[in-house]
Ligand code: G3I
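As structure tokens, one chain now follows by itself in the form predicted alone.
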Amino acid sequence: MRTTRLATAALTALALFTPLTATADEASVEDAGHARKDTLRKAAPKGFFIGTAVAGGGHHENMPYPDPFTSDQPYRAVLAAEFNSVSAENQMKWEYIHPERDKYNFGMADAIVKFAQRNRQVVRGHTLLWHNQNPAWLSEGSFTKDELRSILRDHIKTVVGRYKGKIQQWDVANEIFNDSGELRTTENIWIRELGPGIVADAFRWAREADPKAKLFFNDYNVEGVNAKSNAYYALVKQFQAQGVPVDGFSAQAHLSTRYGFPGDLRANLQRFADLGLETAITELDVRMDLPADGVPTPAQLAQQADYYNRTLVACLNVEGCDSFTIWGFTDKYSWVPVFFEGEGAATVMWDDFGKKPAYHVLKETLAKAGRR
């Protein structure tokens, strides 16, 4: 904990396990990067975790390049050098880690955890209960309520248990409310079939599997005080009264320069901190409408840098907001152009890992926080 702030189902034995390890040369490149001093992680205050998503799975499978994490050594070197926290972008989601009912595939997740251990990084686990990116056997299957409950319990205990002591924070329940603050009773198979109480059970099972991991709610469009964040606030208070083990609330912060910055971000995080929760920024990127030539203007880059910086400052100014994750660090592998037509350039580095103004302002703000 830093002392000062800026003022402003199946058993694991059935798993499909294909460990991915770095060669000696690859490890030496990463370790050399890890020793660099002019980086985000070196600038960060003691006890503050500056993280990124590890590219892989998801939309990457449809792109004209091999898996970034396992194949792009310059990418791995930057990943090791710049960040002291990593999140699996897709590799720990149900469709990848639990592709069949009686089989798990831990290869990619294990590789990320081993990479993090070698490079002195913590890991955020993402995610255990979600309405999206579930395997067909689950979403299209026919199960009794008891079977479905058992499937979720076994998944959480198997996955969380496998990484016991190796995951700092878990996104236990992800995006369970819509923007109106109503539970996703149609899209979310768990809530639809088992009722709202299954969310509390998921937290309880995760706590049993790893008593030391911090357990979080995670969602988008909850940066400000609004109907969705109010719903989480009410649910957290309810869970606390019931003794449900919730440790944290996190805002994804997928922002766009099309819209104004959420000026009440700090106040929103603070009210959850006042409940005794840790808070975090977990998936920050700032997309923009690209000009015809695809090259952002200086004004656009300045606005993007401002959004990144204001998000970081808000977190730094809330006690217990010690985890700050950007959703990928290079435009080369960003999800944004795939899902938001005409928008892009959302990360802090160009395709060639050149640094944008957003990178430099984050590093400067982290350094100032560390010196105070």
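Being a predicted model, the structure only gives us computed values, none of them experimental. We number the residues from 1 along the sequence you see.
Below, we refer to the form predicted in complex with this ligand, which is not included among the displayed structures.
Consider the chain as shown here, without its partner, and state which of 230, 133, 256, 168 has a heavy atom within 4.5 Å of this ligand in the predicted bound form. Selected residue: 133.
Using a 4.5 Å cut on heavy atoms, which of 327, 307, 48, 69 is close to this ligand in the predicted bound form? Selected option: 327.
Can all three of 226, 266 and 317 be found with a heavy atom no more than 4.5 Å from this ligand in the predicted bound form? Not one of the three qualifies.
Stretch from 234-242, 90-98, 106-114, 296-304 whose residues place a heavy atom within 4.5 Å of this ligand in the predicted bound form: In the other structure, the partner sits against 90-98.
Give a yes or no for residue 313: in the predicted bound form, does one of its heavy atoms lie within 4.5 Å of a heavy atom belonging to this ligand? Heavy-atom contact with this ligand at 4.5 Å: absent for residue 313.
Test of understanding: in the predicted bound form, would residue 126 fall inside 4.5 Å of this ligand by heavy atoms? Residue 126 belongs to the contact set for this ligand.
Could you confirm whether residue 174 comes within 4.5 Å of this ligand in the predicted bound form, counting heavy atoms only? Residue-level check for residue 174: yes, a contact with this ligand.
With a 4.5 Å heavy atom cut-off, would you call residue 121 a contact of this ligand in the predicted bound form? No, residue 121 sits far enough from this ligand in the predicted bound form that none of its heavy atoms falls within 4.5 Å.
Listed by sequence position, which residues of 319-353 have a non-hydrogen atom within 4.5 angstroms of this ligand in the predicted bound form? The stretch 319-353, when checked against this ligand in the predicted bound form, contributes 327, 335, 338, 339 at the 4.5 Å heavy-atom cut-off.
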